[in-house]
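The chain below stands alone and is given as structure tokens, in the form predicted alone.
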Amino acid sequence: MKKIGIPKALLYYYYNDLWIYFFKYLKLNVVYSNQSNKKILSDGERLAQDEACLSLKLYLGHVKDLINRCDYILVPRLYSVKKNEGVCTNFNALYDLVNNTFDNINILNYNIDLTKNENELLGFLNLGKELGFSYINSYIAYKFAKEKSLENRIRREEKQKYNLTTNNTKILVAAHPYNLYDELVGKPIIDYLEDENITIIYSDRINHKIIDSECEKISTDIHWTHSKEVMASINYYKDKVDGIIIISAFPCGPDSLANHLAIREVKNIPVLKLIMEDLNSDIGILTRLESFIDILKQKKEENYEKNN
């Protein structure tokens, strides 16, 4: 039985539910790379160009981690996933980067580019065909996977709605999911906040139906689809949380602009920006987090005394 390797980086954090249910329906085995660790990062740093962002370096390290463990490594190419919008140029070039960086690996690829009418369904039909399945079986597998991934998303959104009703200190952690949940990038921050009994609101769990309307309150001309999710969450949750932490990978160009636009709309709560790069000090990050939480708690106590 064919083994499909999936790097646990970048697009994994957007599409894993869709991928896993698609391959599961077709009775294919999936092999994941290991969680991000120092070796994976070190391998990625050696493979990537100097100007590559931390997230891309990690991705290349995850691809290397899968070599000799599977028959194919899944590397999609995304150009446009929503009409009149684009995505990070790294997602445009992902297939070419991997294909030119590694020798003798079998890449499993599909394209999504709405500017050429190459939509997600067509991509998965071609993906199934490459693996030897008929269009009918691939179509059924895609519909099954789409339904299951939507169910999971709705479940996460409902849990977040409940978390907003708690009386705990609430912090929105705003970041692309591949930074937010990565073991080296966002996970230590999430763990620290949980240890401090902070209720975490996640930017990727916003209802997708309101992303466009929330972004339009900030700017009517935002090009990057995935940045819009982060911007919309900041605008939507700014009056529902006690503080906001924004995590970004150095040197992400879209983030530097999009995050700045969103932060301008935040008036009454503290905001902490964390720019993650290869040489970040864990102690330095934790010190900033500790100070930020102290400010939030002090502010909350002052508001309580004022209103009672």
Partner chain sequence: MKRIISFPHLGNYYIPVKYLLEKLTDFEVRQSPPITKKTLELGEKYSPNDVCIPFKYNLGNFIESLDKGASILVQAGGGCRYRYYAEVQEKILRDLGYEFSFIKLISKDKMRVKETYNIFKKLNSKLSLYKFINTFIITLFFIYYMDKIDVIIRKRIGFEVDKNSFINLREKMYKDFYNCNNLTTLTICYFKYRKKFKKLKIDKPKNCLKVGIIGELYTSMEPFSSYFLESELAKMNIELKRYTDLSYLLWKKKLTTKHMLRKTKHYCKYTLGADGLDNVYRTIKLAKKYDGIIHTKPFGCTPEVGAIPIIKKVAKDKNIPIIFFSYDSETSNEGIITRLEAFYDLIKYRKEKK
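Residue numbers count along the first chain shown, from 1. For clarity, every value in this text was computed on a predicted model and none was experimentally measured.
Beyond what is shown, the protein has a form predicted together with the partner chain; the following relates to that form.
- The putative spot formed by Glu51, Gly253 and Glu265 is fully lined by the partner chain in the model of the complex; each residue has a non-hydrogen atom within 4.5 angstroms of it.
- Contact with the partner chain in the model of the complex, judged by any heavy atom within 4.5 Å, is made by just one of Ser149, Asn119, Asn109, Asn137: Asn109.
- Comment: the partner chain is not present in this chain, but in the model of the complex one of Ile190, Leu184, Ile211, Ile222 has a heavy atom within 4.5 Å of it, namely Ile222.
- In summary, the region of this chain contacting the partner chain in the model of the complex, judged by heavy atoms within 4.5 Å and restricted to 155-163, 199-207, 170-178, 84-92, corresponds to 84-92.
- Residue contact check for Leu97: one or more of its heavy atoms lie within 4.5 Å of the partner chain in the model of the complex.
- In the model of the complex, the partner chain stays beyond 4.5 Å of every heavy atom belonging to Leu272.
- By the criterion of a heavy atom within 4.5 Å, Tyr79 is counted among the residues contacting the partner chain in the model of the complex.
- Put simply, Lys38 is far from the partner chain in the model of the complex: not one heavy atom of it is within 4.5 Å.
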